[in-house]
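The data below hold one chain only, encoded as structure tokens and taken in the form predicted alone.
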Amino acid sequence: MKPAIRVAVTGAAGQISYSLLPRIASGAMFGPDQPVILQLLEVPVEKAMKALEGVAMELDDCAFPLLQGMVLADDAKVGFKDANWCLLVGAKPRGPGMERADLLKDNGKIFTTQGRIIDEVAAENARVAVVGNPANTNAMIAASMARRLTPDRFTAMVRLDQNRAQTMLAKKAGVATTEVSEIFIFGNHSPTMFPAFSHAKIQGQAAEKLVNDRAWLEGEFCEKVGKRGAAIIAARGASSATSAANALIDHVRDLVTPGKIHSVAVKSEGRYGFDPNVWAGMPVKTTSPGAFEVITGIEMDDFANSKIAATNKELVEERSFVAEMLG
């Protein structure tokens, strides 16, 4: 058996983690021959830590062969110690009447601390995947705190948007989701994100040609992918949990599988017209476990450029709200 890897998860007693942790322990994220040690981090509140104990009991009771141990922590220096992967799931949710700027600043305090501590105590090969919203800007904040770990070690998840777009295109075309490929997400994980349908394929052919409904693609398709999270909250009275957990499994699994091409939010470095210092969704190809290269040269039409400009504007605004927090 391979040596175990250490996987730190924040918000470990929350709804997303409840769906996520059994799948990590079963091998869905890192493979059926990769043992894991789960380092489960929660806020230092008795109720949260008690709930985390219950989660750990359930994981024990599953008798997963790959789960070689668990660490339960309310101290980030313990939770992130020697972690190979840090999955930042926990974040403060937006409350009633709360301004976006206030939410960004409140979460900024969390992610400055986590970014600094990860840089101090995590493993030399540590990678960080941010799920807690606003994920792109939280990843940027955490990365700005790092002195040892380079910006490419910090990614944010737009895979949920990719999965949503893939399923919607499949339903529209009347095919299985596996027949849809190369539907990439550009920009923010928010309603402004852009699913670049002009480059998507269905059964190896241009999706736009098979769907043959440009008005639907530019209108209902983009809008429904962007607002799917709000639709789920309206339907079930709570935010996406199982689908978010599944997307994180996909995000990390493809980042550790060389050759995979998928959507990830990374430091833009000015690619595709994004501000160089924001984290923006774009297509990447995994080159070696945990490492990737951004796929460049995808041509954009006027509609795509306008959508990218809009999502970039939002990312730049988010950055401005937290500018004083950046390291």
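These numbers come from a predicted model, not from an experiment. Start at 1 with the first residue shown and count on from there.
One more form of this protein exists, namely the form predicted together with a small molecule; it is left out here, but the text below deals with it.
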Checklist entry - Looking in the predicted bound form, is the small molecule within 4.5 angstroms of a heavy atom from every one of 38, 78 and 121? => result no
Checklist entry - Pick from 183, 86, 143, 160: which residue has any heavy atom within 4.5 angstroms of the small molecule in the predicted bound form? => result 160
Next on the checklist: Quick check on this chain: which one of 110, 255, 222, 129 has a heavy atom within 4.5 Å of the small molecule in the predicted bound form?
Outcome noted: 110
Checklist entry - Heavy atom to heavy atom, is residue 104 within 4.5 Å of the small molecule in the predicted bound form? => result no
Checklist entry - Is residue 196 one of the residues lying within 4.5 Å of the small molecule in the predicted bound form, judged by heavy atom distances? => result no
Checklist entry - Is the gap between residue 91 and the small molecule in the predicted bound form 4.5 Å or less for some heavy atom pair? => result yes
Next on the checklist: Considering non-hydrogen atoms and a 4.5 Å limit, does the small molecule approach residue 13 in the predicted bound form?
Outcome noted: yes
Checklist entry - Heavy atoms within 4.5 Å of the small molecule in the predicted bound form: which of the stretches 166-174, 143-151, 237-245, 209-217 has them? => result 237-245
